[in-house]
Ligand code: NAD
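To begin, one chain is listed below as structure tokens, in the form predicted alone.
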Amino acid sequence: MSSRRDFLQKVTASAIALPVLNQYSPISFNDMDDQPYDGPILRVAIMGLGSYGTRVAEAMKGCKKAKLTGLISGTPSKVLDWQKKYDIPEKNCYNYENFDQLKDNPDIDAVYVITPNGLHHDEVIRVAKAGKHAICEKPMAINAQQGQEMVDACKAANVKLLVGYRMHLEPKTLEIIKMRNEGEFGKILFFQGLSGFRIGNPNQWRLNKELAGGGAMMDIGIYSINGARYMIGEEPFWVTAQETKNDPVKFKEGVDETIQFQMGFPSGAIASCLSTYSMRNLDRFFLNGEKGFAELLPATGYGPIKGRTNKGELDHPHKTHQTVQMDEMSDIILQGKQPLVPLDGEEGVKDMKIIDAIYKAVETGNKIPLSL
């Protein structure tokens, strides 16, 4: 299995048995498919025409509020193929040297940066300086300082910066958050997040410290970090972590293979999480409270997500995550919508601060205080 995206696609295609409980009647979610739309359209250029860029482009075919109108790539043959496939005019196509010229193109409102992590910082800042809104795939950067510089650059340019946190818009996830907010689970005591898969090709960029910024923690562990925060509904104020590295040839210095980490929250809740590139079948969130529980298994794959609580299984129809994400991001950027769980640049910086602290905890063996 060569990448997290392969893992996320395959794990959710598998049948996962969950105990049959009494059906819980969920909160109604608007079904955008049944609603005609006659509002503003977010015109998006995708930067980075790889596997995930392709997934986003395909998903956008189902969008009502967002449209693919531009391309940015360093591979001319990909640009030509995408031009034909998605009917993109030549004038809306750029490479990594000339995409600053976006500033003169009224056909593009936002750029979705889907490139290796180590490139996000400079690319997002250039997008902002070109006067376009930025959507950045996660992790937003390779450390919190870079992330904050990206936030500051977008604010200075008066453009929005969003991070590709598609799970913040996933119906079963949102149902659990709403149940928690309404006190269904009582006082939250514990969260467990398991995020991992066996990575393949040792020469890929995800195992390159400069391009990835780390290893499994940057790629897949960030799901458990982010999930702990939105499932518990608080910000952690300390973290501890321990690293295990069994293959130092594949996982070189600065590229983590497996990290266990623990976070403490102001209410007394604790989180225990695992991030790994060397174990299969790890994609589970579990939330425990004094009055009930919630589980997502799989928790972050491309879908369908499966969820249950002490009141029964969650039953929401699956819709392609990236389709929902891009329509919702259109509303956020063009109409000022406030999502239940933020997915702005400030949200991304918080995750980067936690990752920085996890690496520091691994290095020092100390409990590291957090201030988010």
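Note that residue numbering begins at 1 and tracks the sequence as displayed. For clarity, every value in this text was computed on a predicted model and none was experimentally measured.
The same protein also exists as the form predicted in complex with the ligand; that form is not shown, yet it is the one meant from here on.
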Q) With a 4.5 Å heavy atom cut-off, would you call Pro339 a contact of the ligand in the model of the complex? A) no
Q) Any chance Val324 has a heavy atom within 4.5 Å of the ligand in the model of the complex? A) no
(Q) Even though the partner isn't displayed, in the model of the complex is Gly50 close enough to the ligand, meaning a heavy atom within 4.5 Å? (A) yes
Q. Using heavy atoms and a 4.5 Å limit, would one call Phe285 a contact residue for the ligand in the model of the complex?
A. no
Q: Report the stretch among 173-181, 109-117, 229-237, 147-155 that approaches the ligand in the model of the complex to within 4.5 Å, counting heavy atoms only.
A: 109-117
Q.
To verify the annotation, which of these, Leu211, Met279, Leu189, Leu80, has a non-hydrogen atom within 4.5 Å of the ligand in the model of the complex?
A. Leu211
Q. Which residue, Pro139, Gly215, Gly196, Gly193, has a heavy atom that falls within 4.5 Å of the ligand in the model of the complex?
A. Pro139
Q. Though the partner is not shown here, which residues of 338-372 have a heavy atom within 4.5 Å of the ligand in the model of the complex?
A. none
